[in-house]
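Only one chain is included here, represented as structure tokens and corresponding to the form predicted alone.
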Amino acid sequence: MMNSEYLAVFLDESQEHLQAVNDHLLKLEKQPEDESIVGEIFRSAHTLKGMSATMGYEDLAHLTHNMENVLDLIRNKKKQATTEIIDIMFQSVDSLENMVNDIASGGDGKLDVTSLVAELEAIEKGSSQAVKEAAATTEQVDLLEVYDEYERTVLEESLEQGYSVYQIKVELDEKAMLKAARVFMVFDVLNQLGDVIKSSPATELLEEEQFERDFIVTVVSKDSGEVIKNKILKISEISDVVVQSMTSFVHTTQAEDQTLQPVQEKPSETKQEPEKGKDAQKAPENNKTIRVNIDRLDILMNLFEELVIDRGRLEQISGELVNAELTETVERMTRTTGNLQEIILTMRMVPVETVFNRFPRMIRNLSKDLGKQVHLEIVGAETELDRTIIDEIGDPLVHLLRNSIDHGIETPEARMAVGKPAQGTVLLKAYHSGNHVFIEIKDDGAGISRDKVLNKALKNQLITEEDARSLTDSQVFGLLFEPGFSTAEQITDISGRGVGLDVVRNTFESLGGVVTVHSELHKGSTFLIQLPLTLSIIDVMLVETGGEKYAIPLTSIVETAIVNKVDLFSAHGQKVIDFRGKVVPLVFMRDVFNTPVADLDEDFYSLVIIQKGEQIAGLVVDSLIGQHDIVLKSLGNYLTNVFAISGATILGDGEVALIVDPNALIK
């Protein structure tokens, strides 16, 4: 019978291999000649097949077996990795993911994959449309060519720069009258697509029409063999074109006078070296890591949180008793628990890569559906965040990326009409700064029209005409996060209903984060998300109001201040102060939480200046207590919607302090 321990390992490794297949299929689509990528996909599929068969999941093993057959043909250059074939491979991966998810949720992993298997078998037998198209560019012929050392160097450097190498045999129609003119036209097309490295016969002989009907040209190009073939065939009086990839040949280290051999004989030599190198690099890492169930880390974290509470209690007792020996012991324990805290928090850190990995595939599919060309650039995928936060940010990021593609990036025609490249770029960037992680989604699309947002906000009565004149760009774009707000002229399956951005903001704010928008019309938009590193143990400023203690997260505090009552002004019925040249509205905590008034005759106010994005406000409290590490505790299921309170904590003296959510206090 199946051991549940083995099942957990199977699920973990299956998801890793499926993610690897996804990633490498995307790379293969861009670099169809790179055999090392095919090798990586093959290896993951093969491992997945073996594990599935061992665990008794026959449908999973059957589908991966058929994928493996197609990959084997690509690896041996009998098929080319066309977009059509890669599409079917992606569909297979989707089905595999569904089966694995079903197993993870307690199912038997069974799924009807008959049609997919039939598609894969059709590719294997060469009877599918995808195969026919692939065959058009992978026809194997004995194209013979000899390269000297200089030519070989040029080819090698071209490959390093991302070009592919093709040997092309062009056959003229037997009735062609002006053969030299046809040759010139072929060379003209090839020079537009890349660079001609060599021809046989030599160009002088071709110009003098000293050849029969066919000639061979070696070309380096970034276009696919299929594109090159189709463009040459558009020239009249060309009867046949055979394009053969020579990339694998160039990778080998042939002698100077060696004659070309059919390309399928080379892969076994070229693919093994990088595999060995990668294995050698990965081996030490595997020996230094172990898999730990996240539940165990959660238990460890909970126990440590209790330790932090006890530490606070000990520090308070030590301060009250004034015993040198006790103080020294407590200080030593504080240092040790501080180091322990750092280690435990580090153990919970996960690279944002685990979330970002799913986006390239999504962008690819979305671009195809919308008829747009989009390049997704990911920077800083190794940036780490607490596992709790990682689990929550996936869906909001999906929403922002879909908005960027749907509303931001223009169609290729529209982009070219305004002088932009046909392909738009979306930058997804993550980086650390202080105690925060920033995630940036930036596109070079059409940008957001400030006027359109303002008009919509006025129409929806979100703002007044007076507000419209005084709002900054950031405040105007912030209106996009209002519930039901949308400037889209058309509602699509992807976006446009105004449902979602408010949920995106609420999700990030519930994590203690802030999302802001910057945009320039016709140049693009940037959504910047600021997130805390961790949620469990946070630094706070303890304050007191109405005899009760509150904790305000340091991440939201700009500074603290004491101001005289005479420095307060009134504007639009609101108390404000002039703080470092800025008019800052005041929020009285005793009014917000309806606490007893402590002292009406006080001459000074204690202020905590808090910020939300570019907005700041002054929180008026009775007194400032000081900075502390606290453990964030939930208020439980019965108190889920308490205004401006995000949780509670237990202080060193056993008293409970509520944790203020500054984002809710700044409108």
Partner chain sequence: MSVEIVEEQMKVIIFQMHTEEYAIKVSEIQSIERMQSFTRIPGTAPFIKGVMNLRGVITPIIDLRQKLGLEEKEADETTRILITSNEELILGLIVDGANDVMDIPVEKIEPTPEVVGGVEAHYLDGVVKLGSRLFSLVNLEKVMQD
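Numbering follows the first chain given and starts at 1. For clarity, every value in this text was computed on a predicted model and none was experimentally measured.
The protein also exists as the form predicted in complex with the partner chain; that form is not presented, and the subsequent description refers to it.
Stretch-level contact check against the partner chain in the predicted bound form with heavy atoms at 4.5 Å: of 51-59, 626-634, 608-616, 28-36, the positive one is 626-634. Proximity to the partner chain in the predicted bound form, taken as a non-hydrogen atom within 4.5 angstroms, holds for one residue of Asn357, Ser95, Gln373, Thr595, which is Thr595. Using a 4.5 angstroms threshold between heavy atoms, Glu16 stays clear of the partner chain in the predicted bound form. Within this chain, Leu11 is remote from the site of the partner chain in the predicted bound form, having no heavy atom within 4.5 Å. Among heavy atoms of Asp451, none comes within 4.5 Å of the partner chain in the predicted bound form. In the predicted bound form, at least one heavy atom of Glu548 sits within 4.5 Å of the partner chain. Contact annotation for 300-315: a single residue, Glu306, has a non-hydrogen atom within 4.5 angstroms of the partner chain in the predicted bound form.
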